[in-house]
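Taking the form predicted alone, here's one chain by itself in structure tokens.
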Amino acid sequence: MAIGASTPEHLLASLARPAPATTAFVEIRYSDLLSEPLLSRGMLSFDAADQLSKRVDEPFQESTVVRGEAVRVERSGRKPMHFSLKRAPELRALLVGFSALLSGDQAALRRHFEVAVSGEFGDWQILLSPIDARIAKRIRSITVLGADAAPRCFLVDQADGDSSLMLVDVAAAEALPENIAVESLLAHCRRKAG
């Protein structure tokens, strides 16, 4: 069914997952500072509205844990880093966006983002544009692509032109196209798993 004015709330509500929730991910980072996109794989865990963990298994081992305002990053062979979300507005925006989507908290989502929903329930897109000017200086938008009640991909467009695309759950398990340019992967994200 086409998503109309009366159904974005239904779609957003259908994305809620009880905590804890864990999913595999594949993330591709695009930057002018990189000679080619950086591809990593691992697991994402959503433990509560203010607790998110990201474990990278390939091509290096790294763990990022966010609990409330505290962030801890551990990377093999390096000393652990600790910092506050106040120092990382882009990480705060991602945490708020993911947490609000996964907990079904539409009010929190709309407090922090302009929300635009398009497509059909079987193939939809949610565009999140930060309301806070400080965050918008770092993150232009977060686009969530999905099918039915399952997100497949999260595209983060930064204000400096860099971006990252995270494929989750079923999309992370599927074979990637040979061409990992953003456009090819977005087409992969829009393909509903049969």
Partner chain sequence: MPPARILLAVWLLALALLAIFVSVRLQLSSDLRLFMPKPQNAEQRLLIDEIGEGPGARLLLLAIEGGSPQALAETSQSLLESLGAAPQFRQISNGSSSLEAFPEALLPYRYLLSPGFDSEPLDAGKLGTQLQQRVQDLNSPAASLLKPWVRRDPTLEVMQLFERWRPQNEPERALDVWMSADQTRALLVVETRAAGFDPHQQAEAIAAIEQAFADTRSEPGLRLLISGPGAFANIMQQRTAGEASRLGVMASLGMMLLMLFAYRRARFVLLGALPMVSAGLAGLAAVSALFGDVHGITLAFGFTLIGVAQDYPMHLFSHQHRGISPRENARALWPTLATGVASTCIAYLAFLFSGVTGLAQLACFSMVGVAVAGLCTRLLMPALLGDLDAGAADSPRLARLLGLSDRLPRPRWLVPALALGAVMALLLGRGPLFENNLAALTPLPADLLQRDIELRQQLGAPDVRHMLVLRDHDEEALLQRSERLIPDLQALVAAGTISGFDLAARYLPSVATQRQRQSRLPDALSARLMLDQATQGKPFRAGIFEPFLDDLERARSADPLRVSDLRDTPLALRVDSLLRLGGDDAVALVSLAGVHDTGALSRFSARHAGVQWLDLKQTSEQLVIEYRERILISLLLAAVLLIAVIAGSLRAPARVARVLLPMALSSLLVPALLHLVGVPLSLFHLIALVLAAGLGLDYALFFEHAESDPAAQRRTLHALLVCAASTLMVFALLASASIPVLRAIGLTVSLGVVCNFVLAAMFARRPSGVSDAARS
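Everything numeric here is computed off the predicted structure, so don't read it as measured data. Positions refer to the first chain, counted from 1.
Quick note: we don't show the form predicted in complex with the partner chain, though the next part is all about it.
- Heavy atoms of every residue among L38, T64 and K86 are located within 4.5 Å of the partner chain in the predicted complex.
- When contacts are judged by a 4.5 Å heavy atom cut-off, S31 counts as touching the partner chain in the predicted complex.
- By the criterion of a heavy atom within 4.5 Å, M81 is counted among the residues contacting the partner chain in the predicted complex.
- Although the partner is absent here, L91 sits close enough that one of its heavy atoms falls within 4.5 Å of the partner chain in the predicted complex.
- Heavy atoms of D160 reach within 4.5 Å of the partner chain in the predicted complex, making it an interface residue.
- In terms of contact with the partner chain in the predicted complex, the residue from D47, D148, E69, D57 that brings a heavy atom within 4.5 Å is E69.
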